[in-house]
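Structure 1 and structure 2 below are two forms of the same protein chain, each written out on its own as structure tokens.
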Structure 1
Amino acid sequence: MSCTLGEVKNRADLIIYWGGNPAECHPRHFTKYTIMQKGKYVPNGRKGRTMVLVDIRETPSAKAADIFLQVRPGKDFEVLTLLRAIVKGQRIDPRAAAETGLTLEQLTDLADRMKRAKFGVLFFGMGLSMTRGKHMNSAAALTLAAELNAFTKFVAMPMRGHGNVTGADVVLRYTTGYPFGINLCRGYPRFNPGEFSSVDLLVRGDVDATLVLGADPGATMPQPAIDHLARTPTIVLDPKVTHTSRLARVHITTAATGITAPGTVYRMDEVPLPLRPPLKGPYPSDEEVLRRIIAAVRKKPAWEPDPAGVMAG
């Protein structure tokens, strides 16, 4: 259950950031979309909104918050689950609350605010989705937001990091039916995070060639994954010679998205926006290079999935 950032600007009177630091990572999120703007149904702007920050440490974003709740590391799932129980009016053992680093009063106050809000929004960052519990945490946050709709309008939205990672999700969804980690080696899409996620595939050594574009796994992935990228043929398309390019067999320099390459990208709320590149560069776009690779592959004998499955022969 989500919405656009324009709806947040015009309607949200309760804004919760969970496990994210927008002041440093998304500097204009506050001023352009969420807390600072005057909106159609929030005419008083900042005064008409309450901002709650939930995190394991007091980041610079806490200065912008009305309420800062410091959760003990690794206890986000427990806090979300307690909030779901309080929202439903179930009784809570104060000791369970104490374990999370928050008091029962703090949790009850937040649950009340969420139920009383006219339009609440929960933005969750990688501090929630990439720490202990991972997608279980995201699922708990989404469930809490969904359940709050029994009382008021409430939405949840992930704080996406990189430029067009949202666009990648959208395009993969409308072309294959799944958002990421899709295996096409049987000729039809299969989705199984953990089995077909890049890090797992590379660490296990399941793949025998990798095409990297718009990423630098050589700088960000765990060492065993990087070792496998170096061991097997890796191909990189990037505007710069990256860490991954240095361990790759093939690197092709491409135009920089939005600087010298035109196209479409999706904002974190899944609104597509056109790019207006200010410069003309000497390198071809990723799109063009991919088309040329596709044309070169098509000249080779067609690949067909083995009817006996990938385990055969």
Structure 2
Amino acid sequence: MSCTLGEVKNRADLIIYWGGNPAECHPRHFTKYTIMQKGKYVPNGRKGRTMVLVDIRETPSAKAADIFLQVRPGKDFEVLTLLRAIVKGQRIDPRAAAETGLTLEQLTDLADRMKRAKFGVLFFGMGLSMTRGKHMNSAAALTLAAELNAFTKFVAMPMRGHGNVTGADVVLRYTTGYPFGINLCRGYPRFNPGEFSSVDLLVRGDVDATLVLGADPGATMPQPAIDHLARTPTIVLDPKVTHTSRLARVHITTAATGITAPGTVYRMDEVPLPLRPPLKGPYPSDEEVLRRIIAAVRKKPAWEPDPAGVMAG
């Protein structure tokens, strides 16, 4: 970047990307939403913002960053914990910082920038949420953002990897109170990421059937989860053939939302966008298929334990 350190320190807004590569994965994010856009309170656009990239390797996104911090693989949780301690004014052993691949000076500088920013945002990607630590990493990032609000306005937001994942989170949140990792087996929602998350359930082999809606876990999940999908009855609702549909017992072709079926998608900042289909197609929508499945299940008699089996047990 062609700017001096003094110019960077004087910028009002702080944008942190952690464990993500938006230059390749979200190519319009820089120009449309974050570092390049001019606004009422940041009329100078890019010159009014400092961008920090935190990752285990230098990706193409580093070219757009003012500061690049390279963390050792698997040390994200430790870095976040140290930043929380520095923000609270606690003393840090430089050796603890060195184990993360960063120096105490780098961590102190970042913590100082976060506290002095007029407005700060932490975007975290799957490099943080899907590596060792998983939900603990995400919880640490969210807690750091919450604690920074004692000094300034700071928010945290996940960088989603698939279409309308935010929509699923929003709907689950206002219907159950939780965004994901929910178990309804007892008739009420229980939330415990790491235990009830879909990838963990599949890896442990806890489920004996899977319904996949608008996703492709066969292309993204760990191999033990994919193997379990192949071993057990898997039903896929998708407009196209995917890795998951190839290993599924049943693949129901559905209409493409926004193309041949109406619907609502949510942007990553949770703004709903209604979709009006420009075309008509022969396939039913996901909602129509699910309603038919629910109606068929309701017609089946309620399950009751076999008395002979209970007595034999």
Partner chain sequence: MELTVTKNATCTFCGCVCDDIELHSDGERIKETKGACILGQSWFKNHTAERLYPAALVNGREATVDEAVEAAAEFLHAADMPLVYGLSNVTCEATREAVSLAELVGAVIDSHTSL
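Along the sequence of structure 1, residues get numbers from 1 upward. Everything quoted here is computed from the prediction, not taken from an experiment. Under this definition, the rigid core comprises the largest set of C-alpha atoms superposing within 1.5 Å between the forms.
Query raised in the report: Since only one of the two is the form predicted alone, can you say which one?
Result: Between the two, the form predicted alone is shown as structure 2, not structure 1.
Report task. With both forms fitted on the core, give yes or no for whether the Cα of Lys134 moves by 2 angstroms or more between structure 1 and structure 2. Result -> No, the C-alpha position differs by under 2 Å between structure 1 and structure 2.
Requested in this report: Determine, after fitting the two forms on their core, whether Pro43 shows a C-alpha shift of 2 Å or more between structure 1 and structure 2.
Outcome: It does not reach a 2 Å shift.
Report task. Compare the position of the CA of Cys25 between structure 1 and structure 2 after a rigid core fit and state whether the shift reaches 2 Å. Result -> No, the C-alpha position differs by under 2 Å between structure 1 and structure 2.
Report task. Quote the shift of the Cα of Val297 between structure 1 and structure 2 to one decimal place in Å, the two forms being superposed on the rigid core. Result -> With the rigid core fitted, the alpha carbon of Val297 is displaced 4.2 Å between structure 1 and structure 2.
Query raised in the report: How many angstrom apart are the two C-alpha positions of Asp286 between structure 1 and structure 2, if you fit on the rigid core?
Result: Asp286 C-alpha displacement between structure 1 and structure 2, core-aligned: 2.4 Å.
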